[in-house]
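Coming up is one lone chain in structure tokens, specifically the form predicted alone.
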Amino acid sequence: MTTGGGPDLEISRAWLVDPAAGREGPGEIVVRDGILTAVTWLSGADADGIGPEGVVVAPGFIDLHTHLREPGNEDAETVASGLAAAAHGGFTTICAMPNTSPALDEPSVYVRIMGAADASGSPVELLAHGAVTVGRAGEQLAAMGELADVGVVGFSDDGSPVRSAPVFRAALAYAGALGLPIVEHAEESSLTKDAEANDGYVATVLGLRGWPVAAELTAVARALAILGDVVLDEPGARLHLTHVSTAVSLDLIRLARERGLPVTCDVTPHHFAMSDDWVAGARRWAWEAVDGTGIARDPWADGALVAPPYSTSVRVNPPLRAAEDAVACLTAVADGVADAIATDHAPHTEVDKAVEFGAAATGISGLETALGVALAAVDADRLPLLRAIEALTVGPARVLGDRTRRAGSVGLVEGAPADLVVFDRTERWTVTTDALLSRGKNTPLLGMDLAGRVLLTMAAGRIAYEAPDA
């Protein structure tokens, strides 16, 4: 790989992945003045010795679900540090969630966030979801029309569900008329009060209050039922269910699509790769935690516990589920029921995590490790490389539609400004606090080695991240 003083790039004998074209294989690319001027697919003798195990070139990733914490909690993350983390992880477009302080429930907050993005100088595209309700309190619709006018790409009360069914119905109809989706955090809060970990064997043994699968299933069923009613009056209504974590919820979504409902969903890397035995101290991937019949193994019986229990780095919302659910989430990515892999990047300060398990802030800092976790599934033959990249690019782009500069060009498109990531699957990197550019160091992957070190990220024809020794 060679780069000049400007945004010029030539990569030869690499593995190209173009999910928009449904194609991968040996090839070469040339970028001049930030424009992808040539994409050459190699064959025959020219392709000898080139495989997907080496340097990979793919379109830059898109994250539908990122928490940037600015305004209000800049100690955990700023817009600038979040954009830097995104570029380090190979992301060239990210969508900020509205649970800031103040919440992104009116245009001035949006303008403030976008001003911080401009001031950062990062070429990574920042999009934002507006709040559904004022203060995300679930009682009164936010200024949705005004938020749409300034540029939000959807509406969400994430961190909380829209608790009132009538308000949720009105929001779906209003957002549909504006041509924007509702991004719903599916949780029946009455079932999760004081809950700490997935309701099941691990929580029982550890003495943690259970968070039932029914809390998500009930909320998903309600949202789908209301959507089915709303689309009769407002055909533009669209629902996106974020960080889905259970097999039964995914089954409902699959059935809803078969009925023609306009619903999409995403799953997170931690929900398809980690299970609740990580709370007990296991550090094996979820697909390693099931036996030959697909049933979760007992982490106390098979020597899986290698770390102390109750690590707050694995306290997330929704919680890490049983291994069977995690495998179902991965299967949903593989078969397309899950449209996208979304990080739910949730950085926190050390003080917010250095407390008892049940009192800790929920969330994992995930922008910089998402690729490595996805590649772990690829390396285990659980997920094709092309599909993994598709779920990080084309899938989220379809959810966003024309509200991103990437619309219609999430591929290796000659003549377009370069939006791409270059990573080396032969190189592993160790997740350390120093290696992470996010201010949030809260990840259970600290100390672990991940495949696929990002060498270069280009966004809108500019270098967003370049490894020091690339």
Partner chain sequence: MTIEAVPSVAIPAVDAIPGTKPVPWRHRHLLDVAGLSAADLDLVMRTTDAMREVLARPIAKVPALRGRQVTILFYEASTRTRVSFEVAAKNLSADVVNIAAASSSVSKGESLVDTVRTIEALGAHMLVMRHSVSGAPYLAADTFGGSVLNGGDGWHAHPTQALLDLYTIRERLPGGSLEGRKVVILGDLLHSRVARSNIWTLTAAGADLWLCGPPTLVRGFEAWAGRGAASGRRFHVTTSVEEALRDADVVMALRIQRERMAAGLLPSLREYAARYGLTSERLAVARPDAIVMHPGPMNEGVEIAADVAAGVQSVITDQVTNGVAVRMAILYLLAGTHADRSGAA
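Not measured: the values here are computed from a predicted model. Positions refer to the first chain, counted from 1.
Beyond the structure shown, there is the form predicted in complex with its partner chain, which is absent from this document and is the topic of what follows.
Contact test in the model of the complex: Gly294 vs its partner chain, heavy atoms, 4.5 Å: The answer is no: Gly294 has no heavy atom within 4.5 Å of its partner chain.
Distance check, Ser190 to its partner chain in the model of the complex, heavy atom within 4.5 Å: Although its partner chain is absent here, Ser190 would stay clear of it in the model of the complex, with no heavy atoms inside 4.5 Å.
Non-hydrogen atom contact Val337 with its partner chain in the model of the complex at 4.5 angstroms: It does not: once its partner chain is placed as it appears in the model of the complex, Val337 has no heavy atom within 4.5 Å of it.
Exercise: Leu400 in contact with its partner chain in the model of the complex, heavy atom 4.5 Å: No, Leu400 sits far enough from its partner chain in the model of the complex that none of its heavy atoms falls within 4.5 Å.
Selected contact from Arg209, Arg222, Arg283, Arg163, since only one has a non-hydrogen atom within 4.5 angstroms of its partner chain in the model of the complex: Checking each option against its partner chain in the model of the complex, the one that comes within 4.5 Å is Arg209.
Leu141, Val205, Leu386, Ala137 - the one with a heavy atom within 4.5 Å of its partner chain in the model of the complex: Comparing distances to its partner chain in the model of the complex, the residue within 4.5 Å is Val205.
Proximity to its partner chain in the model of the complex (heavy atom, within 4.5 Å), stretch among 103 to 111, 295 to 303, 249 to 257, 121 to 129: Partner-contacting stretch among the options: 295 to 303.
Interface residues of 174 to 204 toward its partner chain, as seen in the model of the complex [heavy atoms, 4.5 Å]: Glu196, Asp199, Tyr201, Thr204 sit within 4.5 Å of the partner.
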